Ligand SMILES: Cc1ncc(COP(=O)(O)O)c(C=O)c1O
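Form predicted alone, single chain, as structure tokens, below.
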């Protein structure tokens, strides 16, 4: 199978990641801080390596890295912690449903005001538009994606976070599409991401990385494996945002993934992924009746979407699947973005390459599309 859906989850995973997960199932079987002995210590040390690895990426202290089931849970927890009754929050039209749906639910529950600058612009809001909106009317929180999961366009997060800090707005950055590809230390107060995309870790694990001075109270409650019999959930990080049995097999796999990333270099992996994407984009531009949805930015992730005048995206996805090519067709959990791009009726065909996507894969995809 030719796999072109790395924006959803990277596949295949590195052998070392699979082996690390298997090691937990075969030789460990327990979680950190749930007992004592050599297996518990190995679990604890592995979890700490993951905290330290993510902290090195985000610029926050390791004890301010909390793990959760994924970016969706992390974003929900953070937004509930930061947004009180009648808060003003700013965001963009390119947010994932984990932001859009969380904000709309909180708007109903807490009477939020939601600002979406430059909604309706051709490629979505520019960095300039977001910064201008912050200066005009600062929000309590700005939550925004580092990169669109439909067009691959990347926001200038560092500049946006600098502007937000100057006007007293807290920033929450969703790095699900960029973690493993781009630098994440951009000055955001909170960085939330998933480990199963460009980080090449297993699914079922995400992280919340918070600035040392940012206060966020627990939003879920339960066991933490503490050696102290506490009646109430701890407010100290990272346990403040962690409750219940952790996904330790995924943590072992993510530890291996971080080592793998360090060996290869995120910039190298991004460049390798863009080589095949650029070939696909060049080929698509030669096809009649195909419209590529431009990211509108110079920096991008290896993601592109297109539509065809004569075929529904789902039809194209089915045709590709019949030829052994897995791409993503339809909607991509980003409802406002489809409205912005004029693709609300049927969505798009999304191509998301990875570091192992070959020239042969790109050629095979284009050959099928040329026959439409």
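Residue numbers count along the first chain shown, from 1. None of these values were measured; they are calculated from a predicted model.
Keep in mind that the form predicted in complex with the named molecule is missing from the display, and what follows is about it.
A heavy atom within 4.5 Å of the named molecule in the predicted bound form is found for one listed residue only; from 254, 194, 151, 209, this is 194.
Note on contacts: among 276, 171, 72, 248, the single residue with a heavy atom within 4.5 Å of the named molecule in the predicted bound form is 72. Looking at residue 91, you'd find every heavy atom of it more than 4.5 angstroms from the named molecule in the predicted bound form. Though the partner is left out of this view, residue 176 does reach within 4.5 Å of the named molecule in the predicted bound form, counting heavy atoms only.
Contact annotation for residue 300: none of its heavy atoms lies within 4.5 Å of the named molecule in the predicted bound form. In the predicted bound form, the named molecule lies within 4.5 Å of some heavy atom of residue 145. Of the candidate stretches 129 to 137, 100 to 108, 196 to 204, 254 to 262, only 196 to 204 has residues whose heavy atoms lie within 4.5 Å of the named molecule in the predicted bound form.
Residues of 83 to 97 that come within 4.5 Å of the named molecule in the predicted bound form, judged by any heavy atom, reduce to 96 alone.
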